[in-house]
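This document starts with two versions of one protein chain, written out as C-alpha cells and named structure 1 and structure 2.
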Structure 1
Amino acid sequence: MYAKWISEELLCTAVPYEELKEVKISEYDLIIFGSRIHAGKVDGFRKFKRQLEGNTTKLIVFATGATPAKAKDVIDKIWKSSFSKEELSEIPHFYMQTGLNYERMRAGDRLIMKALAKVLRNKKEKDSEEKGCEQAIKNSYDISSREFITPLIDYIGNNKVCQ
C-alpha cells in the first residue's frame, strides 16, 4: 500500500521486487526500497543491496511493521540490525506502521505467529512489553495511513534528491 501511495505522490514508477531484474537501475536518479520488517530486520534488504552493487544510484529505504511508531527504541534497534554503521548514517530511512494480516500471511509466518502467541500465553510473569505484544498479535489489524509517508515525501522535497 505504502509503495502505491509513494509512487502516486512522487509520480514515479513502483516495481514489485520480483520484477526488479527487468529494470535498469542505473537509469534512475533515486531508488526507494520498501519492505516489511520480519523478526526485527528489514526483510530482503541485504539481497537487494547485492543487486545494487556497482551502482551509484541514490537510495532511500522505508520499512513497514507492526511496531507502534512511538516505540522509537525498538525501531532504532531494527535499523541497527538491518544496516551497517555506514549505511545507517548514509541511507535515509523511514518507518511506517502497518499491522498484521493473518488472512494474507504465508503459512510459515502464520505458524511463527501462533508459536509466539502460545509462548506469551503460557508465560506466567509478563512485563508490560510482553503483555502489549500478546494483545497486539491476537487479531488482524491495519492502521496504514497515507499521512505516514509524509516524512519521506518531505525529505525528498527538502533535499531536492531527484534533481
Structure 2
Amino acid sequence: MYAKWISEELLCTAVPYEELKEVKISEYDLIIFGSRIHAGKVDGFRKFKRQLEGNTTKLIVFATGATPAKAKDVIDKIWKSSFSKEELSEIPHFYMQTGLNYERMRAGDRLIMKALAKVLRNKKEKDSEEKGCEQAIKNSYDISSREFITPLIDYIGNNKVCQ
C-alpha cells in the first residue's frame, strides 16, 4: 500500500521486487526501496544492496511493521541490524507503521507470534512495553495511513533529490 501511495504522490513507477530483474537500475537517479520488517530486519534489503553494487543511483529506504512508530529505540535497533554504520549515515530511511496480518503470515511466523502472545498473556508482572506488545499482537489489524509517507515525500522535496 505504501509503495502505491508513494508512487502516486511522486508520479513515479512502483516495481514489485519480483520484477526488478526486468529493470535497469542504473538508468534511474533515485531508487526508493520499501519492505516489511521481518525478524528485526528490513526484509530483502541485503539482497537488494548486492544488486546496487557499482551503481551511483541515490537510494532511500522505507520499512513497514507493527512496531508502534513512537517506539524509537526498537526501530533504531532494526535500522542498526539492517544497515552498516556508514549506510545509516548515508541512506535516508523511514519507518511507517502498518499492523499485523495473521492470515497472510507464514505458518512458522504465525506460530512464533502466537507463542509470544501466550507468554505475555501469562506473565504476571508486565511493564508498559510488554502490555503494549501484548495488545498489539492479539489480533490482525491495519493502521496504515497515507499520512505516514509525508516525512519521506517531504525529504525528497526539501532535498531536491529528484532533480
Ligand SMILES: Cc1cc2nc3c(=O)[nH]c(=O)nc-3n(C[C@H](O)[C@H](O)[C@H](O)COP(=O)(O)O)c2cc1C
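Everything numeric in this text was worked out from a predicted model, so none of it was measured. For residue numbers, the reference is structure 1: its sequence is counted from 1. Rigid core: the largest C-alpha set superposing within 1.5 Å between the two forms.
In this comparison the chain labelled structure 2 is the form predicted on its own, and the other chain is not. With the core superposed, residue 130 shows a C-alpha displacement of at least 2 Å between structure 1 and structure 2. Core-superposed comparison between structure 1 and structure 2: the CA of residue 106 exceeds or equals a 2 Å shift. Relative to the superposed core, residue 38 shifts its CA atom by less than 2 Å between structure 1 and structure 2. The two forms line up on their rigid core, and residue 121 then has its Cα shifted by 4.0 Å between structure 1 and structure 2.
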